[in-house]
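Below sits a lone chain in structure tokens, taken as the form predicted alone.
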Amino acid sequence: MKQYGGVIKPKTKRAKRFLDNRASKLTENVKNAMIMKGGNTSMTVTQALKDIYALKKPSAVLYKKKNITRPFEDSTSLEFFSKKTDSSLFLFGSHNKKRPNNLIFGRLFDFHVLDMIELGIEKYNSLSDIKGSKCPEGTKPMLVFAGDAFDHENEHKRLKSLLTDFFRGPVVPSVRLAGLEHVLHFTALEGKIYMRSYRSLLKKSGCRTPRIELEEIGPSFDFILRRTHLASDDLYKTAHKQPKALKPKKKKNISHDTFGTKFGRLHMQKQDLAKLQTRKMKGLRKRRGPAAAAVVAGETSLKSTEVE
């Protein structure tokens, strides 16, 4: 590939396909994640990175070598690896005396760090510690967030958005019932974040709807919130901006309620109720000619006798 005036022009078909895949699209590719460890790590951090990589596969890249960098002080190396692997998410693990068993979740916009949140591991159970059958690789998880902090506190709101981006998987048009078998549950309580992973089991219930049971499969984390680097409101709004082609066109006279039910409004001309066609009955039929005159005469004679 050659570069002319800041524009890269491919010389082969393979290079052209590569650049087309990296180019901006209306519907972007699945977000990839970089998972790497710093210069100093512990066994807990190393195993935690492997377990999160197992949950994120195949949309993740695991770096086994150490990377001597500090994301909160200098993020140039993260941005370099992001551009190299076309990744917009990253997870960085480190360990030191001041911040032991440290995980940094972050995301990038236009190959620049958008926001990142540092979490400390207080308690951890790996995938191998919890016995039982696991979910297949690449299973799209269901995400559950519990706790008022995720709705009211700004840092927890951004953490919820970041974890949703990290674990949600590919966007699919439909999911079969048997495919809803992996649940990731996040709870914010008393300044801590609890992460649990469950496998949903469909049991017989005696009716058409199955009975649901949850079985913990790991990994499980007890996190504590540490440092944060949040984007400004303007940059955050720019990162979430959608192209006009993807915005749904508003249809007139159609509305939806909170449950997704579709309602339509019809506009009709003013009706004359006097000309409204009703059900034809023999007793309501208008009479014409001598028969109608005889009926009218009979009614008048009845009235006259009643008056007398």
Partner chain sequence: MAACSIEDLLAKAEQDEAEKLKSITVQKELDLEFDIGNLVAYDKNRIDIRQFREQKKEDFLRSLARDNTQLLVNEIWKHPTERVEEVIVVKLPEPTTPLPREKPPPKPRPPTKWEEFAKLKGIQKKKKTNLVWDDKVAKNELHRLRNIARAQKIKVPGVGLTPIAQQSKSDLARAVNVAKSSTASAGKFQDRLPKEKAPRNTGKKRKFQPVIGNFSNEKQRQLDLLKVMDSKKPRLDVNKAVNKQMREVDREEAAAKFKKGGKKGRKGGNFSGKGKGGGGKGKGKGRAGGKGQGPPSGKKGAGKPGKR
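Residue numbers count along the first chain shown, from 1. Model, not experiment: these values are computed from the prediction.
Beyond the structure shown, there is the form predicted in complex with the partner chain, which is absent from this document and is the topic of what follows.
Q: Pick from Lys251, Lys57, Arg265, His240: which has a non-hydrogen atom within 4.5 Å of the partner chain in the predicted complex?
A: None of the other options qualify; the answer is His240.
Q: Just give me the single entry in Asp129, Glu215, Glu137, Asp234 that has a non-hydrogen atom within 4.5 angstroms of the partner chain in the predicted complex.
A: Exactly one listed residue reaches within 4.5 Å, namely Glu215.
Q: Hey, with the partner chain in the predicted complex, do Arg99, Tyr124 and Arg226 all fall inside the 4.5 Å heavy atom range?
A: Not a single listed residue reaches the partner chain in the predicted complex, so no.
Q: If we take heavy atoms and a 4.5 Å cut-off, which stretch out of 68-76, 140-148, 226-234, 90-98 is in contact with the partner chain in the predicted complex?
A: Correct option: 140-148.
Q: Can you work out whether Asn29 and the partner chain are in contact in the predicted complex, taking contact to mean some heavy atom pair no more than 4.5 Å apart?
A: Asn29: yes, in contact with the partner chain in the predicted complex.
Q: Using a 4.5 angstroms cut-off on non-hydrogen atoms, would Val113 count as touching the partner chain in the predicted complex?
A: No, Val113 is distant from the partner.
Q: Answer yes if any heavy atom of Thr12 is within 4.5 Å of a heavy atom of the partner chain in the predicted complex; otherwise answer no.
A: Judged by the heavy-atom cut-off of 4.5 Å, Thr12 is well away from the partner chain in the predicted complex.
Q: Determine whether any heavy atom of Tyr198 comes within 4.5 Å of a heavy atom of the partner chain in the predicted complex, and answer yes or no.
A: Although the partner chain is absent here, Tyr198 would touch it in the predicted complex, with heavy atoms inside 4.5 Å.
Q: Taking the partner chain in the predicted complex, which residues along 174-207 bring a heavy atom to within 4.5 Å of it?
A: Contacts from 174-207: Ser174, Val175, Arg176, Leu177, Leu180, Val183, His185, Thr187, Ala188, Leu189, Glu190, Tyr194, Arg196, Tyr198, Leu202, Ser205, Gly206, Cys207.
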